[in-house]
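The chain that follows stands alone, in the form predicted on its own, written as structure tokens.
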Amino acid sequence: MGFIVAIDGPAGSGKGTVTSIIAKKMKLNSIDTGAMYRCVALACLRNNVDINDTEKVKEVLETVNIELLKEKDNLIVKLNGEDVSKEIRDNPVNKIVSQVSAIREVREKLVELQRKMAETQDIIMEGRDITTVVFPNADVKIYLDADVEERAKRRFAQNQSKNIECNFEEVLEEMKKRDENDMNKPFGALKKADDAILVDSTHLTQKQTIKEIEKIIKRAQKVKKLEPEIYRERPETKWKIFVRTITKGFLRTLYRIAFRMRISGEENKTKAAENGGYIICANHVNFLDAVAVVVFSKEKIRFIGKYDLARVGIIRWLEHLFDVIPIKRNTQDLEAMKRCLKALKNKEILGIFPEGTRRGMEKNQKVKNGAAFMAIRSGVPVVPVGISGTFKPFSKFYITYGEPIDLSKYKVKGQEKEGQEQATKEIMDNIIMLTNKNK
């Protein structure tokens, strides 16, 4: 898979133009998904097909051949060999493309085609569900937005430049209807992905918007180059064990100088280890808390860490030293999942923050089910941990280990999702109880 930039956003946000310019500047292949759906809409119009007749639309879909070609830096869109680059942007297509793109069979066929295009290319792609459906694991996810009135002004000016008769009120009303329709589709609805970066272009010029997005892409490209190094697993040599022991001792000393540590319930880790590996689940207060759990444990704990952190050299070195498992948050990171399950199978100890981010509960972030999934799948217990304190110099902070939780009761065939939700709730209830214990 190549380097993928995915851009979503409402109609009129400028994502098409911005994507086209960035593609040229950064030498990325631009795949105009909107043009692909417009081709299907145009084919329906030409064949006098009622777009509410799904079976007829499916028949038309089977006859459609779409080509996206570059000629002198211009995108040429061909439908069954004919250049339709201008015709697909006209009002008749504008009025029905949203409904056509909501048809599941249309989306499935075109999504399959889009993914194939990205297998061997570095691409930038814009649309309505690129970050959520087409490429949920894209290297860069951007949600380009703007106030609806500003978007209507842009569309009105665009229509005037093309000598299309309309008035601003009509364009604004049509834009509002399009937003409502796009955001409430049963399949492929427009929404911001959890990990997409919001770029609001309401008060930005086109040049400023492009500059902002370029910065985001360049940052991600640097991380991408480091990917082999980030995912590299250092063998467990005697030297590595020695350096890790020295490093743990040094960090413990620093913590004892800086804070008044209070650790309790460690006997619960011994109980959990009776049959092999287990998972430690804690609340995430500060970036210092994971380090504290690791360096004050006699056992080796492998925490799951945010992938992006490893772009910093010293952090990457520490993560390799302590065998941290990098994970791309809010994505289906199968590689991270495989490593975690392998570690548990080898009777190792995993450390996970179900909140997914620091002070996630305070930010009303949805708690992740990953820990529950892995505990149920591998049959290992979970040790809940409550962490509390300000982490200010010379202040107290507490690490409290709770009784191991057996989640095997949630392993019910056909009810996996519900079981994971219930197991996650039990884990978090215990973490909250242990956290409040020292407040």
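One rule holds for the numbers: they count along the sequence shown, beginning at 1. Just so we're clear, the structure is a prediction, and the values are computed from it rather than from any experiment.
The protein also exists as the form predicted in complex with 2'-deoxycytidine-5'-monophosphate; that form is not presented, and the subsequent description refers to it.
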Which listed residue (Arg339, Arg302, Arg151, Arg107) meets the criterion of a heavy atom within 4.5 Å of 2'-deoxycytidine-5'-monophosphate in the predicted bound form?
Arg107
Can you work out which of Ile142, Ala282, Ile130, Leu350 has a heavy atom no more than 4.5 Å from 2'-deoxycytidine-5'-monophosphate in the predicted bound form?
Ile130
So in the predicted bound form, does any heavy atom of Ala272 sit within 4.5 Å of 2'-deoxycytidine-5'-monophosphate?
no
Give a yes/no on whether Arg316 approaches 2'-deoxycytidine-5'-monophosphate to within 4.5 Å in the predicted bound form, heavy atoms considered.
no
Report yes if any heavy atom of Tyr37 sits within 4.5 Å of a heavy atom of 2'-deoxycytidine-5'-monophosphate in the predicted bound form; otherwise report no.
yes
State yes or no: in the predicted bound form, is some non-hydrogen atom of Arg89 no more than 4.5 angstroms from a non-hydrogen atom of 2'-deoxycytidine-5'-monophosphate?
yes
Using a 4.5 Å heavy atom cut-off, which stretch among 368 to 376, 382 to 390, 43 to 51, 29 to 37 contacts 2'-deoxycytidine-5'-monophosphate in the predicted bound form?
29 to 37
Partner contacts in the predicted bound form for 96 to 121 (non-hydrogen atom within 4.5 angstroms of 2'-deoxycytidine-5'-monophosphate):
Val97, Ser98, Ser101, Arg107
